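Shown below, as structure tokens, is a lone chain in the form predicted alone; questions about how it binds or moves come after it.
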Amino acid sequence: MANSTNSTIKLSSEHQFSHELAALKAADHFPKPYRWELSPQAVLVYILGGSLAGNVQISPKYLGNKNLVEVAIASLLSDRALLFTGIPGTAKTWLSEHLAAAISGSSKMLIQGTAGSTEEQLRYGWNYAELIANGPSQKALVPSPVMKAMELGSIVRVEELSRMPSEVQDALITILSEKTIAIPELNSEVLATEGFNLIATSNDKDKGVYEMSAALRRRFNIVVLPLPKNLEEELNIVVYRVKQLAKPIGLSFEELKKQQLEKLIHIFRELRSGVSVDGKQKIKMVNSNLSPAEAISIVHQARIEAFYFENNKLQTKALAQGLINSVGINKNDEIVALQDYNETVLKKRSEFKDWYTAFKEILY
């Protein structure tokens, strides 16, 4: 049953892993940059897992390329901001949140980019009641998370930067170049304190994306987060995250059936790439987002269904239904591609008989 002592749906990284951050801080004898909670070496251990000084065991937060994480950490020590880009589900937000938690002790300095974002969200706004009553003043000023981070010398996050209109994005150019925000109404400015930097994420494949200007892109060190390079790596990511997701809601499940999950990831990789895993057969691709994050969501949902409705037996049909929902039940061309895959690929594989049957029952 759910844990009644904690009704919070999602804890911030710094709260969920507070014991690990405290242990790392106590064991961290490497030089720390100004305003950083941990040294770069300790931040790397926090992200990738392992031990520091031989006595602190840390769980991995990101299962991926070590060099990319090192580049990201080094970028935040430079005079340029950091931009994570890649297709949805490659852990851009997850990694940015954990980096901010490890470096600044807080991941809550956050701006969520949308098509309705305004320049005020990046710079500052006003308490209009105070503004009307007494005119422009420091009391009436409402600082943005960016301005707060500049004053504190901490990391601020901007999610989905490319969803913001171009003119709003460009408000960052002066901030990132000059490390200042001018407040002409008060004839003053806010200067960034040492330690300030910004982590942005961008999904260039999403619909409704606003192209970032070359001037803004030059203000970032850009790190492209790739999809897992092979089936085993992707499977490990999915299993690890699903096991983590089960803990906060207090659900007890049977051990994950590795073979079922291997088949799900196998199907994901083939539909995503347009070629069989062994490289011998061309397959109709689907344009839907079949990323590790989507697989994690499908498995987690299927496990909840299994626990409450299937006597704790994880059913292939539940996984197949989740995959079909991800492809998009109302997108006829995607469903046709999935039907074609079922008949031309899965039907011929005896080890995928359960998946072939499940797809056939749902799709036809």
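When you see a residue number, it is the position in the sequence shown, counting from 1. Nothing here was measured: the structure is a model prediction, and the numbers come from that model.
Beyond the structure shown, there is the form predicted in complex with a small molecule, which is absent from this document and is the topic of what follows.
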{"item": "Listed residue that, although the small molecule is not shown, lies within 4.5 Å of it in the predicted bound form (heavy atoms), from I111, M150, A91, L264", "value": "A91"}
{"item": "Residue among L216, A72, I175, I237 with a heavy atom within 4.5 Å of the small molecule in the predicted bound form", "value": "I237"}
{"item": "is_contact(N203, the small molecule) in the predicted bound form, heavy atom dist at most 4.5 Å", "value": "yes"}
{"item": "Contact test in the predicted bound form: I87 vs the small molecule, heavy atoms, 4.5 Å", "value": "yes"}
{"item": "4.5 angstroms heavy atom contact with the small molecule in the predicted bound form for R241", "value": "yes"}
{"item": "Contact test in the predicted bound form: L82 vs the small molecule, heavy atoms, 4.5 Å", "value": "no"}
{"item": "Residue stretch of 316 to 324, 300 to 308, 23 to 31, 55 to 63 approaching the small molecule in the predicted bound form, non-hydrogen atom distance within 4.5 Å", "value": "55 to 63"}
{"item": "Triplet E270, A358 and I362 all within 4.5 Å of the small molecule in the predicted bound form via a heavy atom", "value": "no"}
